[in-house]
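In the structure tokens that follow, a single protein chain appears in two forms: structure 1, then structure 2.
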Structure 1
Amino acid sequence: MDLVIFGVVWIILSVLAEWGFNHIRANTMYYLISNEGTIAHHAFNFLTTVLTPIFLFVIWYLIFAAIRFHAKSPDAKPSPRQSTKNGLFTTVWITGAIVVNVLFWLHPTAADMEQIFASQLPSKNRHDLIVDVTARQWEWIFSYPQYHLTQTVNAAGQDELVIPVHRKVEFRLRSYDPFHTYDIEAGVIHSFWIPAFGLKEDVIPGETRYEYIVATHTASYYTNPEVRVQCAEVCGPGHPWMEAPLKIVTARQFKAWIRHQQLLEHVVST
């Protein structure tokens, strides 16, 4: 009897929860607009779909036990039912746990990592846009070596990152301080994070790291604040403000922007 009530309610709850989840699955990680962000988003939803019944099993069980099995009087009487073993339950639980966890490792983990490796193979990286990203305390500096730009800025003079949509970008990440008066190698760890892209990479003094990404939508910091570069690793008092606006634009707009920056830096003249 207890088993039937518990089981039926559990199934109903799981179905309802999955149904509800289906309505919000597009926004579960808020706003992601990159190829790797999409991978993360799919993984998140897959995990949720599988975990929902498991989660509800335990939660519902705890509530069920508190309601159905609680003693009506506080005195110490032994429980009517005594058992220390139930082969079926133990076997199902343990095999279930192993199966689910191995599944999660194969999919999404290993399958997704495969895709991420593939997106970063050098042979496919020939015509990428290269952006040199320098993290210093506390500023992100962007330079575009293919266009001879050393530090791109917006009209307010803030560092600004602009990239074209649907084109692979190779970020080269370094941490040092080009403006330091005597020790430009004095750097700390930062983390290059664009919330709307769904991934981050630490930037370590003394190392050069690469991150490849394709943006899948045009977007701008000024319409969605998740479209920003944000330092995610604590790097001293300036850490909270170590951010920079980001714009993802069409190929044409990008060309115009590059031209404008080149004029500003006197790489070309009018």
Structure 2
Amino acid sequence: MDLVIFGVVWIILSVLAEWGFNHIRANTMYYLISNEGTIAHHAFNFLTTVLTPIFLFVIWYLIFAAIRFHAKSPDAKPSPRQSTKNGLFTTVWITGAIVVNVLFWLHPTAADMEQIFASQLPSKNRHDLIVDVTARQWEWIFSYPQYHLTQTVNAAGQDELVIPVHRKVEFRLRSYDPFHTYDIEAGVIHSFWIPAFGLKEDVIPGETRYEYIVATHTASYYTNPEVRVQCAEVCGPGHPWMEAPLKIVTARQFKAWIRHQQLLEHVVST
């Protein structure tokens, strides 16, 4: 009877919890507009779906045992039926734990990482837009070597990142100060994070790191603050303000923006 009560309550709790998570996911305020971020989001949803009943099993087991088998009085006599080992329970628990861990290693970990790594193969990156991203205290600097642009800014003179929708972008990430001469490895660690893309990458002094993204929708920081570049690694007193606006535009709008930036750089250089 104890097993029946425990099992029924556990099933009911699991169903309610899964329904609640699905409801939250369907009505979440999280904004995601990249292929790679969608892969990570699906992985998170899969993990929470599988782990929710396991988590509730452990919690409900502790609560049920505390309620069902607590001593009702200080003078209670030991139960005539006692055991210190349960081979069946131990076998099932260890086997289940191994199966779950192997499952998680295969999916989503290995399966999703294979998708992300495959997108980075040179054979699939022949027409990428390359954006050099330089992190300095406390500023993001964007340059487009294919278009001979060394620093792109908006009308207010603020560093601005603009990329076309549905085109793979290769971000080359470096941490150093291009405006001062010093040891290139003497900078600090930053973290390149665009909330709307669902991914982030640490930017390490002395290293060049890469991140590949395909944006799925046009968007702008000026209509949604999650469409921005934000430092996600504490890098000094200016860290909270180390951000830059991002625009995701159509291919035609991107070409027009590139021409405008090239004109600006020509005017500045002359």
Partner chain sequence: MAHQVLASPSMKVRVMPPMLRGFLWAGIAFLLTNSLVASIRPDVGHPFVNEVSITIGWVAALTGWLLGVGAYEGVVLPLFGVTPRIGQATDWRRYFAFATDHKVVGIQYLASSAAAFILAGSIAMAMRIELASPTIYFFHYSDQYLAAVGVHGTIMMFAVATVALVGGMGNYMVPLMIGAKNTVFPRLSGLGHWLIPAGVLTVAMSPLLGYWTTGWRGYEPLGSQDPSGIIFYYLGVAAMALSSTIVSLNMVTTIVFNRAPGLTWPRLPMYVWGVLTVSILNLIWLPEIQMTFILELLDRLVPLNLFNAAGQPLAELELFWLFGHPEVYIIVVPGFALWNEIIPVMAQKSLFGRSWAVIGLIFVMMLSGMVWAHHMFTNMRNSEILPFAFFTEMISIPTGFGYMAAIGTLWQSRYRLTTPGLLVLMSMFNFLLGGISGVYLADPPVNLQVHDTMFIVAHFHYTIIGGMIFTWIAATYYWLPKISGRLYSEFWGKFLSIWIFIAFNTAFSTMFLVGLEGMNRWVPAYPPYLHPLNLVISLAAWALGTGFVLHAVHIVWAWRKGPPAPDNPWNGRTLEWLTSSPPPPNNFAEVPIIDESFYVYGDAVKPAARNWDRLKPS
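Between two forms, the rigid core is the largest collection of C-alphas that superpose within 1.5 Å. Please note that residue numbering is based on structure 1, beginning with 1 at the start of its sequence. Nothing here was measured: the structure is a model prediction, and the numbers come from that model.
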query: Structure, 1 versus 2, that is the form predicted together with the partner chain; finding: 1
query: Residue 251 C-alpha relocation of at least 2 Å between structures 1 and 2, rigid core basis; finding: no
query: Exceeds or equals 2 Å, Cα of residue 63 between structures 1 and 2, core fit; finding: yes
query: Displacement in Å of the C-alpha of residue 19 between structures 1 and 2, rigid core kept as reference; finding: 3.1
